[in-house]
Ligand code: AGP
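Next comes just one chain, in structure tokens: the form predicted on its own.
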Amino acid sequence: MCGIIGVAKKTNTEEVLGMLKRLEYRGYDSFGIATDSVFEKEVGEIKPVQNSECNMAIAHTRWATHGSVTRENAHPHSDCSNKIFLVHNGIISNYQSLKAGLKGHVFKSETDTEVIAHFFEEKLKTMDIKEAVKEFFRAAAGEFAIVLMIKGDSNLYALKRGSPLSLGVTKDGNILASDIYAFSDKTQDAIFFHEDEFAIISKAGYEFYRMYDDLEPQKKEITKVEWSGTVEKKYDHYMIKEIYEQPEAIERLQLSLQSAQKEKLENLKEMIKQSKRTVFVASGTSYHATLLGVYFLNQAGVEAHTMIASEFQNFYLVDKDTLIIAVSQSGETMDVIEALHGMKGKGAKIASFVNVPYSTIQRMSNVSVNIEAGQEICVASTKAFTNQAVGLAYLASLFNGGMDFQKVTNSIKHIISQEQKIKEIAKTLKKKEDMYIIGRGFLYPVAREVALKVKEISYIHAEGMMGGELKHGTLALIEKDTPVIALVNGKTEIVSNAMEIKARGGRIIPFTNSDTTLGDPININAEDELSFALAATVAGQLLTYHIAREKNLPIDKPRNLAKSVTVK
């Protein structure tokens, strides 16, 4: 989930770190940069270093996997002679056995990445770089995107297996990066690495090779990228900015689905009709969106299921009659990519809903719908979730008639207008250690999603659950003033569940569209199910945001998390 940069052009450290800053959502435990003359790395967020010109640079922003958050474990890493420097995104799963075979080398860190530097140091004693790269591909297990720089060499060397890597082609040189955001303000020309590819990059050009060929140069297509992904920050935090942007993002998606992406939706509808089973695969917030999608499709008479990506291959049968629909904000979620591997070989078709164009999952798909949420900077997803849910509900509406999406945006705007009341509730929750969110039917996925936001951003243990499951264990945890958000949409069963909690001293916070005596409510001005679900979700987002503000937490960059989950 780290962000990596490699620059082969006349540049300076300030420009390189500016590009790296655009990837900081991928990890912010530490950062580092190495150029022709500079080698700096520090714990924490990206900060300026002494500005100097250079013709070659690599840089890295880290989400820690192997080794604690220390300067020694920060990238770039080097070999014993400080001649080879490299940055790495991914995990070398057999690094310990590789390390055991490197006799006489001195290791300064706890990371799997440093082993790569010493591996190349050893191999380059007896072979050229191409042969050394072939040896590494044979020896290494796991996933990696690596950019390697050798002092005195005018080339950068890039290797890709599993983790994403792209090349931006500019007029005065070339830029390697984990994704196009890093260089999207500098060029629209991008080349995407395929699996098991190796490239030699210089200021003057590039050559790509496939590891299963005899290292013959490959022709690569340049893609014109259309989305810069630039964001101007106007608020205290990106999270609140992205919450406010949701009505506009939904309207943008609706227009796209009715025009530019209309044919894609019709093709996807036919794929569903021709399949015996439709199954979604997703992780985290996107999984909660698929729970809503499955609900709306089933309501429309279309049998559909969803499965957590990390367990997909353990629990789901796939054959030629299966349509798999992957849902991912980044389009690079490793668990989802792993779930999709080999599925076409079994005869399955793959579709997807993603937010990032040209992403790996999009390129693996027979049909891919862009959810048009725009770039999210905050690690916790807000507008991507609502647009995923809207996109899936729109798909369901193709089977049972239209849906008034204007009602959805109006309901969300109404929730945002109640922000001051939500702030006051947040003040009463900032010292709580546990919270529960209950819902039934289409509101069960909302309960799960609100609980996830509470955990991610406000660091409160939260559980989102079906109201009917309270009596199977959770009631034992209800004490005096335990806060429970009840998602009440006219269902008598959920009211009964809330009363069970209240009878045991719990505090009910109703999110409801009707009169209630359960507690002081957040009013959801919505009649239809989709409007209620998304308005309640936004209410949960705002509540979480303001709890975190009360606690003075790092809202956009919560501890231990990163936005693009590119490791298993």
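All figures in this text were calculated on a predicted structure; none of them were measured in a lab. A residue's number is simply how far along the shown sequence it sits, counting from 1.
Quick note: we don't show the form predicted together with the named molecule, though the next part is all about it.
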Let me know the one among S78, S368, S109, T285 whose heavy atoms come within 4.5 Å of the named molecule in the model of the complex, would you? T285
With the named molecule left out of view, choose which of S163, S411, T290, Q329 has a non-hydrogen atom within 4.5 angstroms of it in the model of the complex. Q329
Would you classify N497 as touching the named molecule in the model of the complex, given a 4.5 Å non-hydrogen atom cut-off? no
Just checking whether A396 would be counted as a contact of the named molecule in the model of the complex - the rule being heavy atoms within 4.5 angstroms. no
Answer yes if any heavy atom of I250 is within 4.5 Å of a heavy atom of the named molecule in the model of the complex; otherwise answer no. no
Partner contact for H88 in the model of the complex: the named molecule, 4.5 angstroms, heavy atom: no
Which of 469-477, 217-225, 69-77, 447-455 lies within 4.5 Å of the named molecule in the model of the complex, heavy atoms considered? The stretch 447-455
Could you run down 369-384 and flag each residue that has a heavy atom within 4.5 Å of the named molecule in the model of the complex? V379, A380, S381
